[in-house]
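Below, in structure tokens: the form predicted on its own, a single chain.
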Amino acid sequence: MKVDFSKPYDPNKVEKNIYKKWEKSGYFNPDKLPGKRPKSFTVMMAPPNITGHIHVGHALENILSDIVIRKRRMQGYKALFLPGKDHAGIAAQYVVERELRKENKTRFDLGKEKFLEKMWQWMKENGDAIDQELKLLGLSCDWTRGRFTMDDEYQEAVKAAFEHYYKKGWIYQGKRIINWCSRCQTSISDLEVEHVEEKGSLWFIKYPLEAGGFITVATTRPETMLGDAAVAVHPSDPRYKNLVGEKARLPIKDRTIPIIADKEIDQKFGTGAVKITPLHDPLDFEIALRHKLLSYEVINQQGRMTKEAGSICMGLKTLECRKKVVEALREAGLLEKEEEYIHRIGRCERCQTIIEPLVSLQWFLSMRELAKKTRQVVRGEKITFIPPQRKKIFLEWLRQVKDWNISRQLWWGHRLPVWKHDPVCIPKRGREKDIEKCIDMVVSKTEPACKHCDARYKQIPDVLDTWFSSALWPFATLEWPQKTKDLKTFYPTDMISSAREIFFLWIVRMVFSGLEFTKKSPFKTSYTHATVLDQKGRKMSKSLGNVVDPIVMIEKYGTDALRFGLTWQTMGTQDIHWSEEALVAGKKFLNKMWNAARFVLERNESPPEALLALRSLGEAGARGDYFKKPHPKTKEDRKILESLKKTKKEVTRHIDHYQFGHALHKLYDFFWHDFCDQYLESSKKQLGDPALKTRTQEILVLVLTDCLRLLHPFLPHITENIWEAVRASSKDLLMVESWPK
């Protein structure tokens, strides 16, 4: 027996050694698993960003995925849990820029080349740290297949995807209203704008009518009125029916603008009359297109007022300009009133800068055909969503999805494979007449050469939205577009686990990308797990100081206790209110398991006859089950065996339905109450009866070993450690033994 049961169970002395044994065995790699395994089962890790340490959400997500993969491995599947990391575009660049600010430097002080070297250095240091933290969670990942979204092979997949879309005419360049972060100096996705309710003001401004009188509009952003092109009302609003078609004078700028009617106007907001600023509001931009209004850009990409804003505000920041405009309106007697107003402010998810809607020349992916095809597949039940209501949310988002702005003005990320022709053309000898045939812009995975002149092409500086590359994750990690053995074996994947906040950013995009590039759904099940909140029900954030570090919890209680605590609270997909008490309960349960195992083993001879008799039946490993069903001799025997049978069935069903907390609760109740409190106590008397002793020993071993196998996906370290004692002569680890049938 290798395990010393004379000492109390100490996870800190056990867990790291057990993990080293797993790694040394090679069994994390599905190609090295014992026995014939004709079926594969694949789980792709949602790759953590290289922005820092893992958080408790990462811990929950990956522990639940590991429960699934460990069970499937024990069921004889060729099980792959593929890990990885995401380069995280804007998020990672922001973090490194923040580090530079501590040295009073900016990325521009370093220059692009040196800054990118800094980014790769950051990735190396933090990427390795993230891997080590994930290993501390006990994850049975195949680290030999680990991927990073900026690996050379992955970059080739991204280029291939871009070129594919471009050739189909679905990628185009155009001027649209986008979300602009003046600090990060890039466009960002609608889904990456954090809308926060803040206290502000609603200003009521009187616009003089040419025919006499005023029309009053309400706005939360008076500085943008300098770019107004019209005043708009709803066509059915009786208050303004006679004013549609009339002219008003724009205060301060003293410009004549029309009064128009549009069905998009909310009659209940303010006075029902609103200002239209086409270049600084998405809705106003669409209204301006419909009514063919003039446009005026009054805010630039630095978040400052332009020359078009006039001398009163030119060069000022928007909030500085706001004060000037309000003051000027008040002096002119055109500010009717100001009211306190709670409204939602869009802020950059990363740096919290207020987002400016600006018109910008960007690259877009047309979503019409992709959305249509994806809706058909999802309606056809090709993907199972857990919880089921996520399917309806998925379809609704696709119904109203807009074209995807895929370009970003960052330094870190996948460069668009788009090349611009040098404006100066030097014709090749004898080809002077062909100079007009030079193509201005080319999409190519490698640097193109002009057929008609000696000028060079230069790659444009824009990079792709991080989620463009992440959308390829389920198959690019298996070396698509190459037709590899791994792609054939492990794709489509079986399940993906993710948080709610990246459902549209990632899950939806993986589905339409998988369908477009592989003609298959990228996964069979999309599991959206709960969010871990603090005890007060608030989201965890550094600003609130309520973040739970899973590594600190591991140091305090051990990995298995953390796995127990998080899984114990995962009852369905309702959000979890963090409770350290669940980890305390987990640690107590581990001690209960340890003491129960000691009791069972101490009640057997050395070598125990019951163990040897049962062991001889179990050499098939994952290909068969270990034990013949013992014939019960007492009421207690029959009761525990019947309860065990029911527990095996229910636990298997719960895990298969992603009811992780329910499965663990069932196991806890059976082991603690049915086995320890009842059968172990009754077995003390039975072991003293020669007629019952051997059969009681068999049942004790049977129940213990089945419990170890059932609990292994949840508590892998302690179960593996006890297994060493129970299966002293076996060469195989518990992680590849068979799942109880």
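One rule holds for the numbers: they count along the sequence shown, beginning at 1. By rigid core we mean the largest C-alpha set that fits within 1.5 Å across both forms. This one's a predicted model, so the numbers in the text were calculated from it and none came from an experiment.
FYI, the form predicted together with the RNA isn't displayed, but the following is about it.
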Inset, instruction - Decide if the three candidate residues F504, M571 and A585 all line the RNA in the predicted bound form, where lining means a heavy atom within 4.5 Å. - result: yes
Inset, instruction - With the RNA left out of view, choose which of H343, K556, K649, K445 has a non-hydrogen atom within 4.5 angstroms of it in the predicted bound form. - result: H343
Inset, instruction - Could you tell me which one of Y172, F214, W143, W397 places a heavy atom within 4.5 Å of the RNA in the predicted bound form? - result: W397
Inset, instruction - Consider L191 of the chain shown here, and say whether it contacts the RNA in the predicted bound form, taking contact as heavy atoms within 4.5 Å. - result: yes
Inset, instruction - Give a yes or no for K483: in the predicted bound form, does one of its heavy atoms lie within 4.5 Å of a heavy atom belonging to the RNA? - result: no
Inset, instruction - With heavy atoms only and a cut-off of 4.5 Å, decide whether K684 touches the RNA in the predicted bound form. - result: yes
Legend entry - in the predicted bound form, N242 touching the RNA (heavy atom, 4.5 Å): no
Legend entry - Region of this chain that lies against the RNA in the predicted bound form, out of 121-129, 331-339, 634-642, 266-274 [heavy atom, 4.5 Å]: 266-274
Legend entry - Residues from 662-694 in contact with the RNA (non-hydrogen atom within 4.5 Å) in the predicted bound form: H662, Y668, W672, H673, C676, D677, L680, E681, K684
Legend entry - K488 C-alpha relocation of at least 2 Å between the shown form and the other one, rigid core basis: no
Legend entry - C-alpha of K268 off by 2 Å or more between the shown form and the other one on rigid core: yes
